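First comes one chain, alone, set out as structure tokens in the form predicted on its own.
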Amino acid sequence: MSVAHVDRQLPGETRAASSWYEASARERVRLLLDAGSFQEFIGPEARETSPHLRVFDLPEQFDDGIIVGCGKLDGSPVFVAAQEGRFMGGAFGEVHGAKLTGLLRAARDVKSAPVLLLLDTGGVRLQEANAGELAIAEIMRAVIEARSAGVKVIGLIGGRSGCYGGGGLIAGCCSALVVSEQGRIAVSGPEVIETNRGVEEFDSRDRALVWRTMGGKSRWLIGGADAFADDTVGDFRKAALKLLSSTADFGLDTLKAEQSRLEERLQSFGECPDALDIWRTEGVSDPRSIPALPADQFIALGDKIRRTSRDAR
């Protein structure tokens, strides 16, 4: 039975309620887009695998951990890329990065379809360090080129690996971001910070600290993400549609506004030693209650205290 046929048989309510965090990259694409509309580019049958992993006797994957293609979202055409966090933590390598760069360049040339980036990554593959770092630079350039051509690039973050390293840099280049509580975003991961600055600076084993510092709730409250979604495909779909219709065009004025907002945020929160202090500064009377709040209650609270002027990545 084909994937498209299975997708058409899946009830709409089941599709919408499916967990984003638990789903694979292919499931996210299939459930996010209109049923049966996805067409993959350079799929597993092409067997475009990494030329580097076999040198280290590491397993390969025929799509190299990323799915790219096009489809429809609520009847409108979109390009889409989804990283598989279960394969090497969704890390960027040469082929992985080339597929995403090519998709973004296609969107730049077409100009009429936005791009959805389903980011789920721990950063660059250590086994492909130079090639992976180069891939990050090419992807960032391709995102900016696409946005300069009028293409909206929306990042959706809520997977197992979060969005770290070069993935965090790419997220910062997007037109807008949707994040769930599980969607951690940072350039340096917890272990990297601890290794370089010491456990006194950041204890990577303190899961509560990690999640309240880098997790989706904190990122949305301070303006590091543009929309907060519950952990369902339906919520991510609604948020993506809203951002596609409301995100402003890209230009020099956009960059200047982003820079001003980042400077303001640093002045407001730069001396805060913990996310709890940031939330308190933002006006949360009981910041310790934030991690346990259900998504609907958290969004209601955030809508009251969030300031649009701080929306910057």
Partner chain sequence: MTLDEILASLFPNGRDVKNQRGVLFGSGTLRSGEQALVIGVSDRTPLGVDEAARLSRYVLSSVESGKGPIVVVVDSDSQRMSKRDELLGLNEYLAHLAKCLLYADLNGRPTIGILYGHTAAGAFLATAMATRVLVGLPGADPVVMDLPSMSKVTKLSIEVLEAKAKSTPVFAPGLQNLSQMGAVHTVWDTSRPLVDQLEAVLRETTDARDRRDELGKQRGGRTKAADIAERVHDLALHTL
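Because the structure is predicted, anything quoted here is derived from the model rather than measured. Positions refer to the first chain, counted from 1.
Unshown form predicted together with the partner chain; subsequent notes refer to it.
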*240-248, 44-52, 283-291, 25-33: which one contacts the partner chain in the model of the complex at 4.5 Å, heavy atom to heavy atom?*
44-52
*Mind checking whether each of Lys152, Gly216 and Ala300 has a heavy atom within 4.5 Å of the partner chain in the model of the complex?*
no
*Exercise: Arg160 in contact with the partner chain in the model of the complex, heavy atom 4.5 Å*: no
*Is there any non-hydrogen atom of Arg306 lying within 4.5 Å of the partner chain in the model of the complex?*
no
*Wondering, does Ile222 line up within 4.5 Å of the partner chain in the model of the complex on heavy atoms?*
yes
*Is Met140 close to the partner chain in the model of the complex, meaning a heavy atom pair under 4.5 Å apart or at it?*
yes
*Single option in Val233, Ala81, Ile185, Ala227 placed near the partner chain in the model of the complex, where near means a heavy atom within 4.5 Å*: Ile185
*asked:* Using a 4.5 Å heavy atom cutoff, which residues in 273-294 contact the partner chain in the model of the complex? It's fine if the answer is none.
replied: Pro273, Asp274, Ala275, Ile278
